Every structure is written in C-alpha cells, then in structure tokens.
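Heads up, the chain below is alone and in the form predicted on its own; it's given as structure tokens.
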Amino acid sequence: MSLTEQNITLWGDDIPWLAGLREKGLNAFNKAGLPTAKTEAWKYSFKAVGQTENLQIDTAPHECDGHCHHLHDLPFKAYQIHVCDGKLHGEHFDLPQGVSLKPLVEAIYDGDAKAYLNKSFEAEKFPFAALNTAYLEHGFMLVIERGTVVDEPIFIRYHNEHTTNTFNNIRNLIVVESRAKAEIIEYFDGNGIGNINNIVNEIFLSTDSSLQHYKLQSESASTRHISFNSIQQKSGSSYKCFVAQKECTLARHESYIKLMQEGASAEVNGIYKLNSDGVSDITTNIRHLAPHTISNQLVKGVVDGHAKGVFQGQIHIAPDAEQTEGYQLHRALLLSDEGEVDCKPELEIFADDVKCSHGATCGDLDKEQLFYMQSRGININDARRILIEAYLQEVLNKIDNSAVAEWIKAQF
C-alpha cells in the first residue's frame, strides 16, 4: 500500500479550510510524485529516498517510554522542548516572557495558524512539503513576540524512540515579530529503524528581527531525514542558519529563503561528515526580491567509503533587486575512490548593479601535511583527524555562540 492510499483519519478534517488545504497538498504530491532522476532538485539523491510501500503514516496518540522526560545534558543553558516520535511532548513549557508555544492543532483550533500555514511556499514545487501538508497534524507554533530578546537558546530535541518503518510528518510555524531576537537549536536523534522524518519549518521574520537557527542531525543509520525550511524575511531582518549532518541513509536539508524587503540578510552555513554509505544533501534557494539584500553560504563536507555528498545552491536576483550581494562556496574532502561529491551552484541574475559569486572545490587531504605530522610522531589516524577538524573549523567559526559551536564540534 502506498502512502497516499492509506486510510488516515486526521484531527480537524471537519474544519473546511484545513480540509481544503490538506486536499491541495495531496493533489500537488500526486501530480509531482516521488522524486526521480528527472526531478532536477532531487537528481543526485532521489535514490536514497528508497521504497515507501511498507511505511505507515503515524497519527497515533503520543506514547513513549519516558526517555524524553529527561532534560538533555547540554554544556550551556537553554530552554528545552521535546518532540517525541513526531509529537510535541508536554502541555506546559518553561519559556520566558514574550515567547509562546502551542501544539499545531491548538494553534489551528484557536485560529492563530491560519495566517501562516502554507503561506511561505508553493506546494507544487516541493513534493515532500506537499505530502507534509496533506497529512499535517503534528508540530507546533512558536512565537517570539514583538521586541522580545530571548536570553538563552531554545533547544528543540526531536527523538524517535523505537518506531519502525514510520512516516513522521512534522509542521512547525516559527514567527519572530518586529525587533525580536532569538536562537533556536534543532537536535534530531533516536533509535528508530527505517523511518522517514519529513519536517517542514515555516519561518516568518518581521522588520528588524533576528533569528540564529542551528541544526544537528544525528539519527540512526537507517533513517531518511527530509527537512524543508521556508523563510520569509521583511526589512532589516537577519536569518543565520548552521546545519550539521551526520551519516544516515539520507539527510537532506533544504532552505527556501525569500528576502522580500530592503536590508534583509540571510546566511546558510553547514558541515557534513560521511564515513560509510550515507547521503548528505544540502540544498539552498535564496531569492533576492528587493534591493540592498545580502546572502552568504559556506558549506564544507568530508566523504569517505561509499558515501555521497550533495550541495545544490541557487541565488536568484530579481529585476528590481539592485545593489544586492550574494555569495556561495562549497568545498569537500573526498577521501576514497568509491565516494562521490555532486555540486551544483547556480546564479540567476536579472539585475545589473549586483555583487555575486559562487565556487566549488573537491580534493583529498594534503599528503605533504600528513607526512610532516607523521614525521613528528603523530600516527596516521590522528593526523587525518586533526587535519579534518582544522578543515571544518572554518565553518564552525561562523557560529556566533561559542558554546553551541563547541557542542556541535564535539559530536563530530
């Protein structure tokens, strides 16, 4: 049985606008279908999606063995939120004044979600986001209220307990109101087997707001992790994203960013490290739709064994987006003959007065540096580890919060 043939009963099917939204999502997915070699945005990693016939869409009530009750041990202070097997855990959250959090179903029922849900992207262009819309139920709405400066990071842990062959759809709405500032850390871990986690974050940044968004993907080796982050930015807003991906069957992080008004800026940086046969895909589409907007991207990867690293980055400059700056760079270390790195940087420029560049490099560790370190008594494995750490450090230095940077580094 395919995903779309399953008989699913979802909360809120009696709400006309929500039922209509889900139907549009399902129609968009059925029209596009699962990615194939002809799907341009997925041509390098479509095979890693794998078979979906035996997957079950998870809409069951939340149950867990209590593991997610415990606070995650962090080397820094943070406000912690748990999402267990795709479902927001708990009813009361220890968050500061000016920050509100509620389950998505509650935000829909209250009417708060309607102004934001599915307002930041075109479902027909993104098949898994369309499928997420068809079955949207689980997730949350997080609002950083006007003028609020959150003093500690908001740490969101997504933990899969022991589910098998489950399709988890999570839809989050994150709203940062005017002059508000926050840091959000998303951490994905767990022991699920053969699951697909399909996460969509719709993020809205109002005038002069700021969001630092960190993500660490560290799930089981058989997981397929597909995340789509759609961001809309107003004048003077700043969005900085850092993504770190470890090995699993597929880890795909896609950013779709619209710089809609003057002075908006976006930064997407990332690292990935693959040692066996996983696939890491970092895809970005940054659309400069107004003058005086800026974007920067730096992604570095390390690929060994039979693994595959993918970077696809598009910068689009609209006709009226004069005096815009857009830069992107991808570098990879390819440490084995069986590994693969695919890179597709794109510039799409329709304005004259702009500064844009893109670049890509791929190579092995420097043999002279390895020889020098060995000649000083450092064994080959330690020498390789030291050089790889130094190679990735350039991107880690992009993280403004040094404690978060050290925590992410320790996971690699």
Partner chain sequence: MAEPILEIKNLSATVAGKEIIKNLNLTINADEVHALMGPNGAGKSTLSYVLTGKPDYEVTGGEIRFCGKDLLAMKTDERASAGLFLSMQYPVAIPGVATNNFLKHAVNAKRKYEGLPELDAAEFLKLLRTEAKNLNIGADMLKREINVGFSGGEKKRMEILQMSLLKPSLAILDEADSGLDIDALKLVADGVNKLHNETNALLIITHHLDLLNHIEPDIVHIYADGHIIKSGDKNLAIELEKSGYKTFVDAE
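Positions refer to the first chain, counted from 1. Just so it is clear, the structure is predicted and the values come from calculations on it, not from any experiment.
Note that the form predicted together with its partner chain isn't included here; everything after this is about it.
Note to self: The chain here is shown without its partner chain. Which stretch in 373-381, 340-348, 48-56, 31-39 comes within 4.5 angstroms of it in the predicted complex, by heavy atom distance?
What the structure shows: Only one stretch qualifies here: 373-381.
Check: If you check 365, 360, 356, 386 against its partner chain in the predicted complex, which one has a heavy atom within 4.5 Å?
Finding: That would be 386.
Notebook entry, point to check: Is there a heavy atom of residue 27 no more than 4.5 Å from a heavy atom of its partner chain in the predicted complex?
Noted result: Output for residue 27 is no: heavy atoms all beyond 4.5 Å of its partner chain.
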